[in-house]
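As a starting point, one isolated chain is supplied in structure tokens, in the form predicted alone.
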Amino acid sequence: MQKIGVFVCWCGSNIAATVDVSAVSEALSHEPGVVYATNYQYMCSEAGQNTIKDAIKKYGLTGIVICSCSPRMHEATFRKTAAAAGLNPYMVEIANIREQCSWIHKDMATATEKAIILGKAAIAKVHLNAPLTASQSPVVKRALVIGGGIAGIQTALDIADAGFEVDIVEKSPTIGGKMSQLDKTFPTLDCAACILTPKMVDVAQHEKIKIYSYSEVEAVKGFVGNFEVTIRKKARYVNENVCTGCGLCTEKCPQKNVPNEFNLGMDKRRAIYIPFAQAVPKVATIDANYCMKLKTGKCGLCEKICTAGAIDYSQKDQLIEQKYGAIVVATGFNPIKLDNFEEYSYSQSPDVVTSLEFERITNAAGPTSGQLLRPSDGKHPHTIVFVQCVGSRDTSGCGKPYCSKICCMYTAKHAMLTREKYPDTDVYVFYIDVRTPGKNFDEFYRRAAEEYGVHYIKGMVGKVAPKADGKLMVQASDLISNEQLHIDADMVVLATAIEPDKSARPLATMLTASMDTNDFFTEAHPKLRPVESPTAGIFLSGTCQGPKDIPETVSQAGAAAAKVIGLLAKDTLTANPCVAHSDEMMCNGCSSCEKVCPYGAITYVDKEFRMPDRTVAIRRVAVVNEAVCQGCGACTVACPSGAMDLKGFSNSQIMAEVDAICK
């Protein structure tokens, strides 16, 4: 019989306001095996932990139950407390009476009754708990950063500056991400390229960083400290080690009507191209979808004029396998498609553009060399209407329910720069709310409205319709004056919502990382572990985790790098002892568990068994590699014979909890 101590936390008023903590500790004190029960205001505090330590020593406790908040918060804290008092840390159970009781029930009697039931379930499990010993596993001193935007760049530089090897995998031919397409950055209006390109060069020249551009992650195996990653390096048909980036081939290629994705299709590029002048690596890439040589076997002009001999039409995709101790996800974002917003006539008029397209138009390296010209006729627009929240804060199902966070500020930037460079242009901004939460952001917005004469109108744009004279009729409402407005605009700029990159969902599956309903990666804890994934060894950087501006992205990149450095600085890691194990006498060798194991921790061996008649039988049985197993429990569910079980969460322990709840 275990000697169990029960400790009920008030959590200030978080629990005590809805749960009668004294009644809970009193009720649980009468459970079989419980020799001590108490309650305290803050059990996770130093005084609360000392109470637990003292009780363990005084009453010789062999197991403890903490009735408090979620184990995600303080399970590690209470395990350390138990270990400090000489008790095996895996003899600690947490009954979550905050999130599962006090936070969801308003009636004290109901919440208290449920808290007692959850406490009884935890006590029932402790009776079947057994001391577990954690093993050690080595750490590979190398990090992988997936994504080469500003988040990935900053993360890689910080890790590399600490002395660790870093690989960046970027699906585009160059690193730089969305920031490389920007002209100016808010709220300081400094040049985006002036900030970004030196960092891109630093990455390329850093002895600890290797760039896998035009590459994608193909597969991920393993666990924290020992990930095995397969990277597909796509064929450029250009030898990166030989190409000098002179650009001669990009000037002579006869196929020159390829939509330029860097300028969002607003101009054309050649079939062989360098995305932009400051690209890193500055290496040409042949687009196999448009190259006449690769499609028909004819042409080959770029090969003939390349003085370096870098063109290689026979190049194939390469699969590169590498081991890493930690992985950082920095996959970035994309503006949403506007297929569901035909009321703005985006597909009908070239003069209706997205904010990112407007950014390229005003960029000196853009399709109009920085001149503000209408896409339809190349004339200077004199009336521009900016429409906020296109697809953001949209609960109708057409857009996204969340605020995209950056739109208010980049619209203010666009409006301000337009008025500064073209004072003869009337600028209107239609908004629902103006959100300026960052440092100096509100001052920036006020400058646009007060100093630059931008017309901010609180209201919704209902329709944008092209007119015969080339104008765009904007129908909108002014909620302040309660008037309907009709504005004849030369251009309409849509501040579109942003969403995670399409690569995020399949990547999350490979990493066994969690995502929310909007396909943003979920952090381990929104307050205490904001840059860590619930999957150990996977870290989050930038807008893959949620909408962010550049300063916030860079801050999170540094935080993610710090977590990675802390991990890679260790020679070994303590492994999770709550791993699967197989009862060889029950195993029938069906392979069901092996097929569902996401970590590849289960293999099969032929083993000799001596039968009652002294004959020897050879049977195929499952063997679990405890260094690889992460205790997810998938195998225990899939096993048809019940041979596979999980230490610390065995079938008998779970059923004991169920029985205690159902009594």
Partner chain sequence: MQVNEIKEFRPKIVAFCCNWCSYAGADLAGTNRLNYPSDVKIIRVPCSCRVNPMFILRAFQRGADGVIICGCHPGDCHYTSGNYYARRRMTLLFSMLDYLGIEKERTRVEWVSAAEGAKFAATMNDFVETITKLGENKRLEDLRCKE
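Positions refer to the first chain, counted from 1. Throughout, rigid core stands for the largest set of C-alpha atoms superposing within 1.5 Å between the two forms. As the structure is a computational prediction, the values presented were derived from the model and not from experiment.
Keep in mind that the form predicted together with the partner chain is not shown, yet the notes after this line are about it.
Visitor: Could you tell me which stretch in 567 to 575, 287 to 295, 490 to 498, 519 to 527 has residues with non-hydrogen atoms within 4.5 Å of the partner chain in the predicted bound form?
Guide: Partner-contacting stretch among the options: 519 to 527.
Visitor: Is residue 633 a contact residue for the partner chain in the predicted bound form, using a 4.5 Å heavy atom cut-off?
Guide: Yes.
Visitor: Quick check on residue 605: any heavy atom within 4.5 Å of the partner chain in the predicted bound form?
Guide: It does not: once the partner chain is placed as it appears in the predicted bound form, residue 605 has no heavy atom within 4.5 Å of it.
Visitor: Any of the heavy atoms of residue 662 lying within 4.5 Å of the partner chain in the predicted bound form?
Guide: Contact check for residue 662: yes, within 4.5 Å of the partner chain in the predicted bound form.
Visitor: Whether residue 422 contacts the partner chain in the predicted bound form should be assessed with a 4.5 Å heavy atom distance threshold; does it?
Guide: Looking in the predicted bound form, residue contacts with the partner chain do not include residue 422, since no heavy atom lies within 4.5 Å.
Visitor: Using a 4.5 Å cut on heavy atoms, which of 210, 323, 72, 337 is close to the partner chain in the predicted bound form?
Guide: Contact residue from the list: 72.
Visitor: Check each of 161, 584, 99, 267 and return the one that places a heavy atom within 4.5 angstroms of the partner chain in the predicted bound form.
Guide: Among 161, 584, 99, 267, a heavy atom within 4.5 Å of the partner chain in the predicted bound form occurs only for 99.
Visitor: If we check the partner chain in the predicted bound form, which of the residues in 623 to 659 reach within 4.5 angstroms of it by a non-hydrogen atom?
Guide: Going through 623 to 659 in order - heavy atoms within 4.5 Å of the partner chain in the predicted bound form - the hits are 630, 631, 632, 633, 634, 636, 637, 638, 645, 646, 649, 650, 651, 654, 655, 657, 658, 659.
Visitor: My question is whether residue 181 is one of the residues whose C-alpha shifts by 2 Å or more between the shown form and the other one, given a fit on the rigid core.
Guide: No, residue 181 moves less than 2 Å.
Visitor: Under a superposition restricted to the rigid core, does residue 424 display a Cα displacement of 2 angstroms or more between the shown form and the other one?
Guide: Superposed on the core, residue 424 moves its C-alpha less than 2 Å between the shown form and the other one.
Visitor: After superposing the rigid core, is the C-alpha displacement of residue 486 2 Å or more between the shown form and the other one?
Guide: No, because once the rigid core is superposed, the C-alpha of residue 486 moves less than 2 Å between the shown form and the other one.
Visitor: Pin down for me whether the residue 531-residue 102 Cα distance shrinks or grows in the predicted bound form relative to this form (closer or farther, change of 3 Å or more).
Guide: Farther apart, by at least 3 Å.
Visitor: Indicate closer or farther: the Cα atoms of residue 600 and residue 329, in the predicted bound form, relative to the displayed form, with a change of 3 Å or more.
Guide: Relative to this form, closer in the predicted bound form.
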